[in-house]
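Only one chain is given next, in structure tokens, and it is the form predicted on its own.
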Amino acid sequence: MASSIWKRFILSTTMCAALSVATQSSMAAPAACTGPIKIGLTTAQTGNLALLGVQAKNGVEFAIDEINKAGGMAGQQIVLDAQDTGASSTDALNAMNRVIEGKPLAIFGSMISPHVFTQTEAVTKSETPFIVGATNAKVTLQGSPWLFRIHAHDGQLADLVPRYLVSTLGKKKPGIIAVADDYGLGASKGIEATLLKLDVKPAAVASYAPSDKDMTAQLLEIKDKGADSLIVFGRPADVALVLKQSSDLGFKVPTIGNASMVAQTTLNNLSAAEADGIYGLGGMIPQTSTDPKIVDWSKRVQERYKVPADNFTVAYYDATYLLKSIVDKVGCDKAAIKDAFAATKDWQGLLITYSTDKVGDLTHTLGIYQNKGKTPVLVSTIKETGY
């Protein structure tokens, strides 16, 4: 009897162990990827936001072409469905719905925050990993577990820009001018809040519509109120106008802002005198690197698109390779891809490493740049508090 019981115990234990191993093996096995892997992208390719939007497309497309030539993602070729959002949030949602209909494995959204806010619910319902560069701090506070941000955001900049201006550059009476949309106005409020913590009151706070071409009235107000410095938040096309008009008015004070201040697309529209000395904080700009691999990469991007790579090109390029590294590991299971994005830690991109925080932000290292003539120079990097 005892022998019989012992035999049954051994048999039972052996079967349980075998079942456990089989289960673990099944759980560890990546989901098979069959046929071409569809990746979606919605970004502005026409309209007044296209100068930014094409940078996202260039980064994703350039990475996909490299990946496909090297054998693909999880052994499969990638097919990109890139839809134009134009400058309208309504068009952005329609573009996203077209992408979702194609049932992509993952979707890249743009850096235009209003567009991403409009699209998030639809992407979340589709349960598709959603990787964006949108810079409004609240983008990753929407509660979607599917949304991840690959670029620095204005919440970080709104804290770090005024701190650098006051603590490092020693200015105590800055003027603020920002584009009047979710991005600029959100940043402007954050800047004012940080200045308050630093016991500094801005000389004046002004804004302009995204379509405005003349900001001289706002700049004159800031100048007349005795500002000893200027904080600018906008996008390359309008930032170039602000800096040019500020120079025309003879309002040459230490000027600092987001990465648009030192972006090549901005500098292309300025003279050396207009650009010289301007500071910018933000994502990593490849042109400041002396690493031969980065120099070669920047050259190849420029040759292909006839547009210099910027911080968004880098971010979306990195995000595409991060997606590849995840899919190569976990396969084509969207939930597993989402979980892997959420667990990302110290993943090495072109210029910085990425780690996902509790709300889905991956970028915590920013660059501090200053233009020497029309050439941006990396002064140093700065990390978000806690990183």
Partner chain sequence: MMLPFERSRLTVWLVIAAACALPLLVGGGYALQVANIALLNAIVVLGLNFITGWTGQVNFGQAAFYGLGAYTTAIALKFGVPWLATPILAAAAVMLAGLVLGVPTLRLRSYYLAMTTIGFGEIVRLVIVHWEPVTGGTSGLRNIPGVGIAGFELSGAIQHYFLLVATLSLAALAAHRLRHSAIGRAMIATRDSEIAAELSGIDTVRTKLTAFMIGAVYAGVAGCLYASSIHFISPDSFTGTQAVLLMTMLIMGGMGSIAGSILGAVSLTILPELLRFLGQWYLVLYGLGVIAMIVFAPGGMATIIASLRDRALRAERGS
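Predicted model, so just to flag it, every value in this text is computed and none were measured. Positions refer to the first chain, counted from 1.
Absent from the display: the form predicted in complex with its partner chain. The rest refers to it.
Peer 1: Contact check in the predicted complex: F117, D181 and S207 versus its partner chain, with a cutoff of 4.5 Å between any heavy atoms. Do all three pass?
Peer 2: All of them do, each having a heavy atom within 4.5 Å of the partner.
Peer 1: Can you pick the one in S110, N136, S246, T313 that has a heavy atom within 4.5 Å of its partner chain in the predicted complex?
Peer 2: Of the candidates S110, N136, S246, T313, N136 is the one lying within 4.5 Å of its partner chain in the predicted complex.
Peer 1: Using a 4.5 Å cut on heavy atoms, which of T168, N268, N97, Q77 is close to its partner chain in the predicted complex?
Peer 2: The option sitting close enough to the partner is N97.
Peer 1: For the chain shown here without its partner, which stretch in 138 to 146, 276 to 284, 194 to 202, 155 to 163 has non-hydrogen atoms within 4.5 angstroms of its partner chain in the predicted complex?
Peer 2: Among the candidates, contact is made by 138 to 146.
Peer 1: Even though the partner isn't displayed, in the predicted complex is K172 close enough to its partner chain, meaning a heavy atom within 4.5 Å?
Peer 2: Answer no; every heavy atom of K172 is more than 4.5 Å from its partner chain in the predicted complex.
Peer 1: Give a yes or no for L185: in the predicted complex, does one of its heavy atoms lie within 4.5 Å of a heavy atom belonging to its partner chain?
Peer 2: Taking the distances in the predicted complex, the answer for L185 is yes, it comes within 4.5 Å of its partner chain.
Peer 1: Report yes if any heavy atom of T46 sits within 4.5 Å of a heavy atom of its partner chain in the predicted complex; otherwise report no.
Peer 2: Yes.
Peer 1: Consider K252 of the chain shown here, and say whether it contacts its partner chain in the predicted complex, taking contact as heavy atoms within 4.5 Å.
Peer 2: Answer no; every heavy atom of K252 is more than 4.5 Å from its partner chain in the predicted complex.
Peer 1: Relative to its partner chain in the predicted complex, which residues of 81 to 105 have a heavy atom no more than 4.5 Å away?
Peer 2: Contacts from 81 to 105: Q83, D84, A87, S88, S89, T90, D91, L93, N94, A95, N97, R98, E101.
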